[in-house]
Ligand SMILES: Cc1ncc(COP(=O)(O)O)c(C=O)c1O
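Have a look below at one chain only, the form predicted on its own, in structure tokens format.
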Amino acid sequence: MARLFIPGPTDVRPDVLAAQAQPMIGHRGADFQTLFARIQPKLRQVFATSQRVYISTSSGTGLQEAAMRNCVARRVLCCVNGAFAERWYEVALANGKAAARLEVEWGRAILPEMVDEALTADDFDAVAIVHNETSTGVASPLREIAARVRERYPEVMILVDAVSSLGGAELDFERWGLDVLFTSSQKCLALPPGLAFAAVSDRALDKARGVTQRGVYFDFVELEKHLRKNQTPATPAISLLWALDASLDHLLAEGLDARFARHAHMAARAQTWAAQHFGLFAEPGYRSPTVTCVQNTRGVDVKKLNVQLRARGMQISDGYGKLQASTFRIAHMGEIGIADLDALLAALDELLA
């Protein structure tokens, strides 16, 4: 088994994996309601909200689709600065939503003034953004963007993909005035794949009630009805919920501030190494705390390099999409620590010498 320095799935603690072996329980019974009720306040603490966090047996893309189905009635502004930001636009069109693109060069961040200008120029009822773009290693300044939107366009819904940052970087759902913030289980939360989570504001739930054709599986109104009974509308991945319960205990025992500091420390270490040996794809000032996108200036064959790394129990990732050949990525998220990262970088130094 290789230590995973890839942007998901990430390594999972043995006791979290073992938690999945709990005996099966019925999803409409008291035992499940007790488990669900125990998980909900922990999730709200991680999302920094007193409102609600919906749980979906899906990838994060499922709740991305939910955000579009439930919170867009007229037109959505999709902020595009990478492959996963592009998915916002694709999901909007696939769900029959009118959408426009605010597009910047890959490697650059979406900035508040860009969003302001676009919202001023046309009529939108939602803006969709990726906080941490995994394909490029760029983290856009979400707090500042949200502040500008809340100040000047108070009725506009703010929809956020935080798949590769929630649990590894500061995100304050309630104080920043966000409306939908979703993530996946297999990134910074250090769980197996298969679950997704979304903090949803009261405003967003009210908006959903007035939007038609919300679908069935990702209907916020139905999710809310069942949340109030400590249930989910459809049968959930119960074994993964036991693992979630255990993983959240570890996360909260470490402490959110300590966890964010650990990720920032690893990001600084990886970025320094990349700058010394190659180059960094993301622009200065907006580099990701969870994944470093390295410019492959030396033409390294990443597949061959990974064969050598796997022999040492490690794995990195090649570039994503149109950056596959020109970059590679070192992820430092979830349960990875600075000692793990230092071991990887030492191995890379030796293999690349």
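Owing to the predicted nature of the structure, the values given are computational and were not obtained by experimental measurement. The numbering used is simple: start at 1 and walk along the sequence shown.
Note that the form predicted together with this ligand isn't included here; everything after this is about it.
Heavy atoms of Val130 reach within 4.5 Å of this ligand in the model of the complex, making it an interface residue. Interface membership of Ser184, defined by any non-hydrogen atom within 4.5 Å of this ligand in the model of the complex, is confirmed. The closest heavy atom approach of Thr134 to this ligand in the model of the complex falls within 4.5 Å. Within this chain, Ser59 lines the site of this ligand in the model of the complex, having a heavy atom no more than 4.5 Å away.
Heavy atoms within 4.5 Å of this ligand in the model of the complex are found in one stretch of 280-288, 295-303, 59-67, 37-45, which is 59-67.
The putative spot formed by Phe260, His263 and Ile336 is not touched by this ligand in the model of the complex; no residue has a non-hydrogen atom within 4.5 angstroms of it. Only one of the listed residues (Arg269, Arg214, Arg203, Arg87) places a non-hydrogen atom within 4.5 angstroms of this ligand in the model of the complex, and that residue is Arg87. Residue Val163 is the only one of Leu189, Leu77, Val163, Ala92 with a heavy atom lying within 4.5 Å of this ligand in the model of the complex.
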